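There is one chain below, alone, in structure tokens, taken in the form predicted alone.
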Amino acid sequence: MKWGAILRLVLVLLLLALVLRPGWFTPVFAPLAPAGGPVIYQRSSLLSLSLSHLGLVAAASGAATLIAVTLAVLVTRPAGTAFRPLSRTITNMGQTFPPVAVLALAVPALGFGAGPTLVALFLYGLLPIFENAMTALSTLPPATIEAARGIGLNRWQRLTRVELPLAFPVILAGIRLSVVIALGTATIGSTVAARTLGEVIIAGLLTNNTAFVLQGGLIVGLFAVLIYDALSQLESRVSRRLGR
């Protein structure tokens, strides 16, 4: 077994232990807890918070991928080239607008809970996917496209059978970046009553309990590292299959 695989296994086991058996880490976190205060967060199940956190990220990232890739396809067609600057401006605004401000604006319309968090994560995740998809679709080998046209494929067939499969590794790199950003950003959703691992971190900040802050941050960090690694492995395999 390679060292990379061993490290991956260790991180997975550590994450599972933190989520399923947090009591095992009481001696580790105890020095960081206030005197007489709780060491391990127990107001909610860490497993349920983790699943809710991942669910929000998956939903927002899935929607962002669908919209961003569709928009990239449209602006890389001859008829949509004129809308490319506008599309870039819109997706850039989603990235530069602070997620906290999005939450503040979304709460009056959507109420407290998961809704505002999904909107913030969706807007924040558009730019990396859109830019990668647009770059990938704009830089495909002309000879390959001409060959596809020469064997009689129509525009839809060229897009689905040739262009998107060839562009997929680069698009996946954008999705990977977007998902990792969303994993960290989702923690702020707990400020508007969304169930995320930010609940643990915020509880620690409010009670001056560094053990809670470290516990929540460590779980989020491990999720980010492992998901990033998994998507990187998938990207490498797809690239090898395509001969890149």
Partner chain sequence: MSIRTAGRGLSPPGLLFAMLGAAALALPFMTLSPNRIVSGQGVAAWAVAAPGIALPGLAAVLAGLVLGLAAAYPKLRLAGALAGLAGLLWLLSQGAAALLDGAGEYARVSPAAGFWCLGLVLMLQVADAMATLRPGPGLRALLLAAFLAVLAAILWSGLLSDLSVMVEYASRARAFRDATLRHLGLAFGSLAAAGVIGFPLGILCHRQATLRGATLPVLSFLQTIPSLAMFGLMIPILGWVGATFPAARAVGIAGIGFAPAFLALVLYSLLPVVANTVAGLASTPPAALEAARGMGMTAGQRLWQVELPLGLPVILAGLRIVLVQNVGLAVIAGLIGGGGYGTFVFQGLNQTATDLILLGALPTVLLALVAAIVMDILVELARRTPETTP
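Definition used throughout: the rigid core is the maximal C-alpha set that superposes within 1.5 Å between two forms. Numbering follows the first chain given and starts at 1. All figures in this text were calculated on a predicted structure; none of them were measured in a lab.
FYI, the form predicted in complex with its partner chain isn't displayed, but the following is about it.
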(request) Answer with one of V73, L110, I90, A173: the residue that has a non-hydrogen atom within 4.5 Å of its partner chain in the predicted bound form. (result) I90
(request) Answer with one of I67, L54, I40, L214: the residue that has a non-hydrogen atom within 4.5 Å of its partner chain in the predicted bound form. (result) L214
(request) Please check if V19 has a heavy atom lying within 4.5 Å of any heavy atom of its partner chain in the predicted bound form. (result) no
(request) Indicate whether its partner chain has at least one heavy atom within 4.5 Å of a heavy atom of T139 in the predicted bound form. (result) no
(request) Decide whether S61 counts as a contact residue for its partner chain in the predicted bound form under a heavy atom distance cut-off of 4.5 Å. (result) no
(message) Under a 4.5 Å heavy atom criterion, is T207 part of the interface with its partner chain in the predicted bound form?
(response) no
(request) Sequence order please: the residues of 221-236 with a heavy atom within 4.5 Å of its partner chain in the predicted bound form. (result) G221, A224, V225, Y228
(message) Tell me whether T76 is among the residues that move between the shown form and the other one (Cα shift of 2 angstroms or more, core superposed).
(response) no
(request) Would you tell me if G113 moves between the shown form and the other one by 2 Å or more at its C-alpha, with the rigid core held superposed? (result) yes
(message) Given that the shift is 3 Å or more, do the Cα atoms of A101 and I181 end up closer or farther apart in the predicted bound form than in this form?
(response) closer
(request) Can you tell whether G94 sits closer to or farther from L49 in the predicted bound form than it does here, judged by CA atoms, where the change is 3 Å or more? (result) farther
